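Before any questions on how it binds or moves, here is one chain, the form predicted on its own, in structure tokens.
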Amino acid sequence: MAWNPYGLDQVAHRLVQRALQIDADPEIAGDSCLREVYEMRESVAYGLERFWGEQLRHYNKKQDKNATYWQETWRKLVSILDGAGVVLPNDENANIMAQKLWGDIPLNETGVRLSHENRQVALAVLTQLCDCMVWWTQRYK
């Protein structure tokens, strides 16, 4: 097995820069999303399902800036893990998404379900990604 850095710090930096763009966009409703990264880091302890679901809460409260930031962070996590051979769902339907994350239904047509080991890997990577985002957020505040 060869070393693969996955570029978490670089991805985190780009996500924080994207948050600054989102905050500056008058077309997107809601309050500043840059500070959301602290909420993201705290929510990791509650699991993948709650982290993913936070975007729904913000959309329901018309906090589109925050919802967009959470959604884009999830998409980056899915992309990072895909590069490591770990499949995470990224469905639009909340019910299907929850069932896939809980392992009730397969992730795709191959019949593979999210394993406990892959869930732990995803949470470890998400934790590190959020830690990197917090560091970059502090630099831009």
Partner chain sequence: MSNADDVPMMFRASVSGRCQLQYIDGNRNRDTESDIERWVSEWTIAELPSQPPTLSQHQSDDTCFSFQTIPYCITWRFVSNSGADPTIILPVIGARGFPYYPGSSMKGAFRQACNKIFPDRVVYYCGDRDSISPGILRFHGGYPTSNTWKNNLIDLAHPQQGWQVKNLDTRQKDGGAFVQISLHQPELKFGISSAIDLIGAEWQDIWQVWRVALSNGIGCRVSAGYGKSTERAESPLYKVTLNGQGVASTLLDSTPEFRPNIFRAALRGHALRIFGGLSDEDTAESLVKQLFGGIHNGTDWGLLSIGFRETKPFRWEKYGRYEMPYYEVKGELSWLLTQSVEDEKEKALKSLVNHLMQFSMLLGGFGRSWRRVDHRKFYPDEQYEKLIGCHWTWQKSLFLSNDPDDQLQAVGQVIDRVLNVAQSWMQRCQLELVHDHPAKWREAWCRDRAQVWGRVADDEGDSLAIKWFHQGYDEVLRGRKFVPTKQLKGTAVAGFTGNQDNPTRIGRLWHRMYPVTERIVRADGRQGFRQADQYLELLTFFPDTKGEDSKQLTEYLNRPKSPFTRLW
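Everything quoted here is computed from the prediction, not taken from an experiment. Positions refer to the first chain, counted from 1.
Not pictured, yet referred to below: the form predicted together with its partner chain.
A.B. asks: Taking heavy atoms only, is Lys62 within 4.5 angstroms of its partner chain in the predicted bound form?
C.D. replies: Contact with its partner chain, no.
A.B. asks: Does Glu42 reach its partner chain in the predicted bound form, with heavy atoms at most 4.5 Å apart?
C.D. replies: Output for Glu42 is yes: heavy atoms within 4.5 Å of its partner chain.
A.B. asks: Wondering, does Trp102 line up within 4.5 Å of its partner chain in the predicted bound form on heavy atoms?
C.D. replies: Output for Trp102 is yes: heavy atoms within 4.5 Å of its partner chain.
A.B. asks: Since only the chain is shown here, I'm wondering whether Ile28 would be in contact with its partner chain in the predicted bound form (any heavy atom pair within 4.5 Å).
C.D. replies: Flag for Ile28 set to no.
A.B. asks: Which residues from 56 to 94 come close to its partner chain in the predicted bound form, meaning a heavy atom within 4.5 Å?
C.D. replies: Counting only heavy atoms within 4.5 Å of its partner chain in the predicted bound form, the contacting residues of 56 to 94 are Leu56, Arg57, Ala94.
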